[in-house]
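Single chain ahead, written as structure tokens, the form predicted alone.
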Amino acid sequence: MRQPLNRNLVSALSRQTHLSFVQTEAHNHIQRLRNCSDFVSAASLHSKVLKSGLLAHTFTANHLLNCYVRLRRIDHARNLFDEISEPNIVSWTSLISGYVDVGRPGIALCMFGKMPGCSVMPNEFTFATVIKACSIFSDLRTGKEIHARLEVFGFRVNLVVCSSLVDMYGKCNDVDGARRVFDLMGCRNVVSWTSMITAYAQNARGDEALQLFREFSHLMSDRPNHFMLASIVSACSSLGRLVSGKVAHGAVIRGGHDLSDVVASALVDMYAKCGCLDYSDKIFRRIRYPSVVPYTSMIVGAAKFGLGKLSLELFSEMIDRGIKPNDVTFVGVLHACSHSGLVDEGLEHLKSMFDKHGILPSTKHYTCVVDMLGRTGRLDEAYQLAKSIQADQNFGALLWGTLLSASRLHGRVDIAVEASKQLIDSNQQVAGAYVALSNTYILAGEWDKAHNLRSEMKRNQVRKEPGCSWIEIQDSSYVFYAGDVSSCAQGTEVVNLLRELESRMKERGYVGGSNGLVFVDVEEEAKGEILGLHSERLALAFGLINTPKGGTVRIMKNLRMCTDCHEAFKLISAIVERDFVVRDVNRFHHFKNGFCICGDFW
């Protein structure tokens, strides 16, 4: 006779069968959740998980939570999180990451602050995520607090966390803080190197970015990724280093990153800022589906060259292709109109910003319009517009500095006095405001007021930023300061060449010093002999001596080019039969055969 099965054994087998069924169901649901790519399917799976009772299992619930986060349905993710009876570190980190990804870093940081009260300890991914939230906010204070906490938790040498810290400090403009973390890292990967290089590049420390890139190339076997290369190209842009930029372009091609939108956009910007707009156009035209970023780079580049109509053509082309402009695009468009005297077109584009594209004009857009009106002599309109704008301190300084420059140009002492007062009272551009107002008085023949203002500058120890120019030859840069021949490379040869060129210019009717006064954005240099030793002239002579005949001489300048040097460069370009490209703080000047592309309008 068959013996009846033991009841305990039957019960155990039943439980095992049920557990196996549950595990299979859970596995199937998890696989579907991993492959889910739309919200309708996710909601359907949510319903099935709920009916099967698997939502009580934190492991399965986390997969559903991750699915909502991946689909950027953060509110559904939050509702689910609140239903999980025992959310673990994966649950918390997933939701915090979701808030960061949808641009709500404040809530992410708030969630992180609640974790200790729920007895859930953060891991490396949690810390990396909340550090990223601080990066988005540029919240250095909170970032430092989190840095202190992660050291207590023992993550001070963790690769993922430290790479995030380097990025956070860089985005918060604390480059030295980023470097301290970077130097303490026991091991580094391409991400940490990229974060540090980017920190230098984004904070106007391009030389250090290039130096660190050289160290990376020497020490690491890894190839640079496209983000690192884009940062290096951007560093070359800010420095005006065409030779270094071409070397970086070579690295881009060797690494197969030349079709990357990020890198291509950086290259378009770099060649434009280094005075090679033709190169920019060639790279731009190779981008199969250009986004708003490369279009904006081309629009701004053409504007800097005074090619306003080309900028507007590019803008129209972009709109025709269905690409939505952003606020930076309109800065480029308005800048183009300003530097080409296209006032009516500029005002029309300003009006279209909100009417057609839903972009509310900001102070930087109105500053372009003030500049545009001021350049064409419509000072009263420019002044009324400037007075009507509520701007913060930094943008306000740019706005009133722009008006001051225009009022100086047209000899409007009344407006120059008001603009200078605004700058001095706000403690912004103080030295420039004093110099500009002083020179406006001189142009108006009010020498006593100019003298009193200069005396006040000396009493208050206000000094103008010294003018300097630099030139890149092969892989070296040479810097020149106005009137400083003693520290000038090949100083004797440079001065001799300038004297020779001045003699030949005078044969063509040149009268030095007649327009040599300098203004708000121009270095303060005396008339007469020192006028021939402006920093850009020293750089030009050095370039003519040390570059092959027929080649273009490219010069960068930290301030605005004065009218006398501008006239001299036109004449010298015809005398020596060579092209010169000068990038000053305002725009590009391309001198060729006795003319400049700006048409003497800058």
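The first residue of the sequence shown is number 1, and the count goes up from there. Keep in mind it's a predicted model, so treat the numbers as computed, not measured.
The form predicted in complex with the DNA exists for this protein as well; it is not shown, and the discussion that follows is about that form.
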Exercise for the section: Select from the listed residues Val102, Ile319, Val190, Leu259 the one whose heavy atoms reach within 4.5 Å of the DNA in the model of the complex. Expected result: Val190
Problem - Contact residue in the model of the complex, from Asn439, Gln422, Asn123, Thr376 (heavy atom within 4.5 Å of the DNA) - result: Asn123
Exercise for the section: Choose one stretch from 229-237, 173-181, 104-112, 424-432: the one whose residues place a heavy atom within 4.5 angstroms of the DNA in the model of the complex. Expected result: 229-237
Exercise for the section: Answer yes if any heavy atom of Asp207 is within 4.5 Å of a heavy atom of the DNA in the model of the complex; otherwise answer no. Expected result: no
Exercise for the section: Report yes if any heavy atom of Val370 sits within 4.5 Å of a heavy atom of the DNA in the model of the complex; otherwise report no. Expected result: no
Exercise for the section: Answer for Asp327 alone: is it within 4.5 Å of the DNA in the model of the complex, judged on heavy atom distances? Expected result: yes
Practice task
Find out whether any non-hydrogen atom of Arg408 is located within 4.5 angstroms of the DNA in the model of the complex, and reply yes or no.
Solution key: no
Handout entry: Candidate spot Ser217, Ser244 and His339, all three touching the DNA in the model of the complex (heavy atom, 4.5 Å)
Key = no
Completion exercise
Those residues of 264-278 with a non-hydrogen atom no more than 4.5 Å from the DNA in the model of the complex are Ser265, Ala266, Asp269, Lys273
